[in-house]
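The chain below stands alone, shown as structure tokens; this is the form predicted alone.
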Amino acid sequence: METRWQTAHDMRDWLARALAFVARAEHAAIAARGEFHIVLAGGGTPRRLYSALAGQSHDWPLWRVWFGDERCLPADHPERNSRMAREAWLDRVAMPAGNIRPMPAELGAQAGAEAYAAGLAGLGDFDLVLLGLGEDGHTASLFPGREWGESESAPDALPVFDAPKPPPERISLSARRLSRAHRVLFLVSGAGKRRALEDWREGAPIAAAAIRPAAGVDVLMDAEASPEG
């Protein structure tokens, strides 16, 4: 599987590249299938992209928005990924409410994961999966030393009961389901991510490396994160 490493010159360049990547994925998906299924990541780095998307014009009624992971907190809790995405972007554009598929993490890890997997039943490959990267190499809520759901029998969504940072209960799409995508883009910024990127490039078995779509993945770094920075 090919991993394409991209280093932006500065944050303006990083954002321009990210926006262009999303636009290409959108146009290809709508031309081929009439819909654009995108999976969102949580965290401060993806939020920069979401805030910029809120100022753009897209075919929002054709978008279908999914989430890669979620914390098991009340639906309106400020630390929910779904709330962050709504505040930064989704509530600021003409996105039909029914097109947004938040994880029902308020049900708890097990029940929420089962419900989300049921909602994904019958859906083909995602058009675009956006992912972040933790300093420990985790992505979505796939943490070191935990189950990542790489096998062919892995469910689409995994309950997480022992996350190494609060809250301990979460829901995450499995590595297998995240890999079922036409495009995968990792959004990475900050010097704190450099070690994880070095490990990844050296072949270490970090969670991010478990995402292996047939078309490969793209990793967009800022200069601070880049191992060559």
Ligand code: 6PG
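So that there is no doubt, residue numbering starts at 1 and follows the sequence shown. These numbers were taken from a predicted model, which means no experiment stands behind them.
Just so you know, the form predicted together with 6-phosphogluconic acid exists too; it's not on screen, but the next bit is about it.
Asker: Do residue 133 and 6-phosphogluconic acid share at least one heavy atom pair within 4.5 Å in the predicted complex?
Answerer: Yes.
Asker: With a cut-off of 4.5 Å between heavy atoms, is residue 179 one of the residues that contacts 6-phosphogluconic acid in the predicted complex?
Answerer: Result no; residue 179 lies far from 6-phosphogluconic acid in the predicted complex.
Asker: Look up in the predicted complex whether residue 45 has a non-hydrogen atom within 4.5 angstroms of 6-phosphogluconic acid, and give yes or no.
Answerer: Yes, residue 45 is a contact residue.
Asker: Wondering, does residue 37 line up within 4.5 Å of 6-phosphogluconic acid in the predicted complex on heavy atoms?
Answerer: No, residue 37 is distant from the partner.
Asker: If contact means a heavy atom within 4.5 Å, which one of 69-77, 118-126, 91-99, 146-154 is the stretch that engages 6-phosphogluconic acid in the predicted complex?
Answerer: Looking at the partner contacts, the answer comes out as 69-77.
Asker: Note which of 165, 27, 195, 201 lies within 4.5 Å of 6-phosphogluconic acid in the predicted complex, where distance is taken over heavy atoms; exactly one does.
Answerer: Contact check passes for 165.
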